[in-house]
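Two forms, one chain: they're shown below as structure tokens, one block per form, named structure 1 and structure 2.
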Structure 1
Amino acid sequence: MPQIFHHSTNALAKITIYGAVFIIVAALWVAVELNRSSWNTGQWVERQQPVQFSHKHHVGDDGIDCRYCHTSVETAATAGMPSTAVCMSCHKQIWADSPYLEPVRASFRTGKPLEWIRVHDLPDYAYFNHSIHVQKGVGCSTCHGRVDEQPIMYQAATLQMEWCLECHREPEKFVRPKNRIYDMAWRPVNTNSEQLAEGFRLKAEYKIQGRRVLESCSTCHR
């Protein structure tokens, strides 16, 4: 009886075995990378808003402090969105008849709030509080990036749990002095050891909790 398979089939079988392993690993790698990509997380995606509001202009060019509009960032879970009246504080006189600002004036006339598109949308099972982060030395730009260089707001971080834990595990790498919290240009010190020394000092000064608390599930999932 002749052989059913040709001799070369042996090689084919071996390639299939090793190939299968390779394909599985590659597929898993692609899955993990896609999961972290901006296609899934929304990172770097600019969100068009009902008004062409530019943080680059208001923060970068005009030098308005973050807290002028986001008034509750130091005291509440939410940083606070300004009411239309805050926009009109200046825009009743500046660019007062610009067609770009008609939605703002319409909102002011009718009392119907502007419906901004949320850029940083945490999942509802995650608890986040701005005030504690600000009080413990986490600056705006650590999470939101250079807002003063964003004409249209985008999400600067992945907002995934591994990203949160980066800092919750080692806050000393990220905390900064209290008077630089709202400083968009602040960067960790160049040499790693210097930032760590400063970070550990600030961590002690701010009484930042240890990993047992910061990594506890119920710190964020409550």
Structure 2
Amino acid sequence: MPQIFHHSTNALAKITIYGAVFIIVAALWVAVELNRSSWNTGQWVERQQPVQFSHKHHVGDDGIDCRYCHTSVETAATAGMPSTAVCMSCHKQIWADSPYLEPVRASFRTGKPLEWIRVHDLPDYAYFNHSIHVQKGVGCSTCHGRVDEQPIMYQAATLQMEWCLECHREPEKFVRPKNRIYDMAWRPVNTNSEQLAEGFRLKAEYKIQGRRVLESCSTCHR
């Protein structure tokens, strides 16, 4: 029986198979990288606000405590956004006539809240409670980064599940004394043996649950 295909067809078939495998692997790699990129997660993306409130100025320069504006961070699921009246408690005297702050004054006069753009926006299927994390020794900068160095607020972490699980699996690496919760300069991770020993002590003191509970799907997905 005469040969139907030329010998070069064998090489072409191998190239096609290897090429298809390469394209599939490359496509999977691109998908993974896109999923982790700021394009998808929003990490490092600065949010333009109706008034560009500088945390660097208010927290870093003026030393205003987080709880002055975010009043419910220790008691509720959300940290809370300050009302315009909170802003005006200072700005009736400071920069009282600044054109830059006219939207704030207009909001105060009319009673219509400023429409701030959300920076940290978890998916609806993920449950997060600010108060329980604060009570268990998780500092503001652990999740929000060095807020005192941010002229314009941005999301410092990916907020992906693997990032949450990093802390839930080993909380002793991240917990801190409660009097350091709002200390922006506190170390982000406990690394050496002395720091980890303190982390394990605080974990026991705060009665932090074990991995079986912290890694349970129902803890965050309700």
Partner chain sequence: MSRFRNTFGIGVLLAVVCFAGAACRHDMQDQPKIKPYRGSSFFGDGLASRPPVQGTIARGHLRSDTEFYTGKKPVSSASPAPASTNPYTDDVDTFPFPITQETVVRGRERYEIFCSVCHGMTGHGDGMIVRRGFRRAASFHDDRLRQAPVGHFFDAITNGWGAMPPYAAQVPVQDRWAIIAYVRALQLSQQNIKTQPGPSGTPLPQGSSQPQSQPTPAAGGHQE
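Just so we're on the same page, rigid core means the largest C-alpha set that superposes within 1.5 Å between forms. Numbers given to residues start at 1 and step along the sequence of structure 1. Remember, predicted model here, so these are calculated numbers, not experimental data.
Looking at the condition given, the form predicted on its own, one finds it describes the source of structure 2 alone.
Remark: with the core as the superposition reference, the CA shift of Ala204 between the two structures stays below 2 Å. Ala27 shows a C-alpha shift of 2 Å or greater between the two structures [criterion: core-superposed Cα displacement of 2 Å]. With a cut-off of 2 Å and the rigid core superposed, Ile17 has a Cα displacement that reaches or exceeds the cut-off between the two structures.
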